[in-house]
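Only one chain comes next, encoded as structure tokens, the form predicted alone.
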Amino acid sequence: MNLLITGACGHIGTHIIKNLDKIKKIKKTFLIDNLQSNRHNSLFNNRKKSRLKFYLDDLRDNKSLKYLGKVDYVIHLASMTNAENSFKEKKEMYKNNLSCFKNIVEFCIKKKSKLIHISSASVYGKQAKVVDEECSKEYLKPQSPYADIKLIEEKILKRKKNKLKYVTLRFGTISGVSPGIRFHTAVNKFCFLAAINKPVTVYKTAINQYRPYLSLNDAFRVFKFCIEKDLFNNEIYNILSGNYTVKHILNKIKKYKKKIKINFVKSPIMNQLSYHVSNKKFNKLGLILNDNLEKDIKDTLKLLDNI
């Protein structure tokens, strides 16, 4: 079986590559990235037995992917992902992410490839004690352009559901170490600032708000599960390791960086609200996600030990 990973040089993609040999069904993997992030190092020293083929390409071009033959599975990760910056880059993000997505969907239809679509738990934007995949539309109120795009992608797939097999995974905020690690999401950004003794910037409205988080280890286990169990039933699943507040995260960082400084600021997303995301629907399939956020924090801080 052949696998295609788009955005392969990113935080999630490089963790998949590192663990590919654990998915026995995959015999060859095609990697695509436009390398605009300059993460060429993500391609260094990968295992030869993983049988990787890298293509430098831009998925916004509808002529991309013409060179690929048989592809059984696609994990689509290629997109601009910085939710906070998406307010400043709104127009560019809509154009970039939706162009890439539409081209991948058409590719999957043409090649009869099964698609793992990464959405986001940030599509939930209205207050509720618990939100799940079956919640009413009033709770699907994205608070950033990035999250709004994810909801648009989900709607596109629903309209195409008779033409392709897919699964949509609403990921929590990613934590953990990989060769393509980035530091714009909450856990990693806080760890980096704490490591260099800079104040951790926290939105006043967010300190006690719950949000879903997902360890890279759990994310990989989900990819492996979907491929091995052929979970392409055109359903949506919330994927998270746990729900935590910013305070919880800071307290975990303090175990290793006791003198952490906190700087409270106003949030550009002033109507963000606290909510728990339920992953019971996915858990019922037989894979329980509960990887250790504290270990992710420890591993991330360890990267910066000698600074």
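Quantities reported herein were computed from a predicted structural model and do not represent experimental measurements. Numbers for residues come from their place in the sequence shown, where the first is 1.
What follows is about the form predicted together with a small molecule, which we do not show.
Think of it this way: in the model of the complex, the small molecule has a heavy atom of just one of I174, V123, I149, C191 within 4.5 Å, and the residue is I174. Of the candidates Q143, S113, N217, S79, S79 is the one whose heavy atoms come within 4.5 Å of the small molecule in the model of the complex; the others do not. In the model of the complex, the small molecule sits within 4.5 Å of a heavy atom belonging to Q36. The closest non-hydrogen atom of I118 lies within 4.5 Å of the small molecule in the model of the complex. Among heavy atoms of C100, some come within 4.5 Å of the small molecule in the model of the complex. Within this chain, C9 lines the site of the small molecule in the model of the complex, having a heavy atom no more than 4.5 Å away. Residues within 4.5 angstroms of the small molecule in the model of the complex, judged by any non-hydrogen atom, belong to 51-59 and to none of the other stretches in 51-59, 276-284, 243-251, 257-265. Site residues K22, N290 and N292 are none of them in contact with the small molecule in the model of the complex, judged by any heavy atom within 4.5 Å.
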